[in-house]
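Shown below, as C-alpha cells, is a lone chain in the form predicted on its own; questions about how it binds or moves come after it.
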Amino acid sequence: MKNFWRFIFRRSLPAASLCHMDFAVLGLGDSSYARFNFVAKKLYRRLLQLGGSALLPVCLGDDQHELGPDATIDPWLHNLWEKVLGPQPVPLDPPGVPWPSKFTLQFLQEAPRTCSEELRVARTDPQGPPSELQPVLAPMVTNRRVTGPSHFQDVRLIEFDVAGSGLSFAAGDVVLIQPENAASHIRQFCQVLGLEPDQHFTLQPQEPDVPCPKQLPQPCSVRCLVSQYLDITSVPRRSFFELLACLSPHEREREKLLEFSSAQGHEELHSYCTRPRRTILEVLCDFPHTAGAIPPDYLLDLIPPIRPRAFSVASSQLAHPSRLQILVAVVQYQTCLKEPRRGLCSSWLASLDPGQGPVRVPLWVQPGGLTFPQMPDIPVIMVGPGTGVAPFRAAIQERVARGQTENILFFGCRRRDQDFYWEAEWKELEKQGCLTLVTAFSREQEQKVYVQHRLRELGPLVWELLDRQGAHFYLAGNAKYMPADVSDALMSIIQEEGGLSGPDAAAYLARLQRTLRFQMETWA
C-alpha cells in the first residue's frame, strides 16, 4: 500500500495516465477523528486528476453513524453492482453456503505435559524488545481508586513494576495491554457451545499461505483460546450474523439471522444489537440451537480476536525509572438490557488485586500521537480535562526532571473533592515554580465552567506564549465535544488577541498544526 501510495502521487505522472480506467472508492472511517476518511477522499481526488472515470461518488463509511458504516455502504454497493453488472446481476455467492473455515482444530486425546497457561507465564523474559507478539508480563504493584466514593465513575491509578523489562518510554507514549475475558463469561460461552474448557487442540491452517495466530500457543486449550483470544464480549458486526445463519441448522433461528444479515434488516439489527450494545456471547445465548451446532473450526472465522487496549503513559521514566503508571476510567453504562455494559480491559484491570497475590499483566509500549519539545526554553500549554491529563502528567514529570519549568496545565473535572487527579502533586510543583495550574470545576457552581472558558479568560497570556515565546499547545481527552470547543476557543484568542481575520486565524492555527506546535490526542 505504501509503494502504491508513493507511486500514485508522483508529480511526473501524466494527467491522462488513467484515462481508460473506471474506478470506485469506498472509505471506512470514524467521524470522531479530525481527519475523517482522509485517505479515501485524497485517493478519489487523485484518481480523478489522473483522468480516471468515477463510477460513483466516493463512499465514506462512518463508524459513528447510528446504523454503523453499513448505512452508507449498503446503498452505495447496490448502485455499484448495478453499474458493474447491469440490470440483471448474477448472485455473487451461493446463498446460505458457508465459506471454508481458515483453520481446523485438531483435538488431542490427552492433555500435553505443559499447558498453554504455563507457556504464557514462561514469557516473562522475552527475547528482543517487548511487542504484541512478545509482551512483558509486568507485575502490578498498585491498583487504587482515585475518584471519591460518591463520584459516578471508578477511575484507577494503576502502577506496574517494569524494572529489567527492556521497556523504554517517553512522555506521549502509550502502553498497550492485552486483556482477558472474565471467568464467568468463559464458562457461559463453553456451556452454550458445548465445549470442554480443558480440552487441548492444535491449529492447522486450511491454506498454505495462512499463518496461525502467533498469540496462541501450540497446542492450546479451549480455555486459553476463549480467555485470551476470542473477543466474545464485543458487539458483533453484520458479517457475524451472515456466517452464523449459514451454520444454523434451526429453521426459525436461521430465518431471523438471515434477516439481521440482510441490507433490508439493518434497522432491526441496530435495534437488537448495536443500540443496546448486545455482545457476541449474548447473541449466542439468544440463538442456542445455532450456537450448539457451531463447528469448532469456525470459531476463529466467526469471532474476532481480542485487540489490545491503549492507555497514555502517565509517568516519566526519568522521574521513576522502574515504574509505569496509567490512569484508567472503568467503563460501565446501562442500556435497555438488564446487564450493565462493561469495558473488557478496564473492568479486567479493575478486578485485579495485587494485595491478594502476584498479578502479571501482558503489556508493551509504542509511540503515541504527542511529542514534546526538547529545547529548555520553549513553554508548553497543555489542556487535559478528566483522564486526558494522563499524558501531561508524564510530560510535566519529564520536563521538570530536565529543568524545563515553563509548563502551563489547564485541567478540568466535575468537583475538586471527587475527581481532581494528582491535586497534591500539582500544588507542590506550583510551589517549586515548575507549573502554572489553571482549573475548571464544572459542577461546583450553577453555571458550568469548562477548560475552554478558562482558556478564553486567559487569552492574553495564551497569545503571548504562542506568538511571542513560540509555545507548543497540546490537547488530550474525550473526542465528543471538548476538542471542537477548545479549538474554537483557541481560534477566538488568535482573532481577538492577534487582531487577525477569520481566514487568517484559521491559517495561523493550521500552521501551528503543520509545524507540530498544536497537537491533539483524543479518543471516542
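The numbering used is simple: start at 1 and walk along the sequence shown. Bear in mind the structure is a predicted one, so any value in this text is a computation, not a measurement.
Unshown form predicted together with a small molecule; subsequent notes refer to it.
Not displayed here, the small molecule is kept clear of R416 by more than 4.5 Å at the level of heavy atoms in the predicted bound form.
Although the partner is absent here, M482 is a contact residue: one of its heavy atoms lies within 4.5 angstroms of the small molecule in the predicted bound form. Among residues of the shown chain, A138 is not one whose heavy atoms approach the small molecule to within 4.5 Å in the predicted bound form. Not displayed here, the small molecule is kept clear of I396 by more than 4.5 Å at the level of heavy atoms in the predicted bound form. Taking a 4.5 Å heavy atom cutoff to the small molecule in the predicted bound form, the contact residue among R443, H320, R145, R402 is R443. Only one of M382, I232, V451, V175 comes within 4.5 Å of the small molecule in the predicted bound form through a heavy atom, and that residue is V451. In short, of 248 to 256, 435 to 443, 216 to 224, 291 to 299 it is 435 to 443 that has heavy atoms within 4.5 Å of the small molecule in the predicted bound form.
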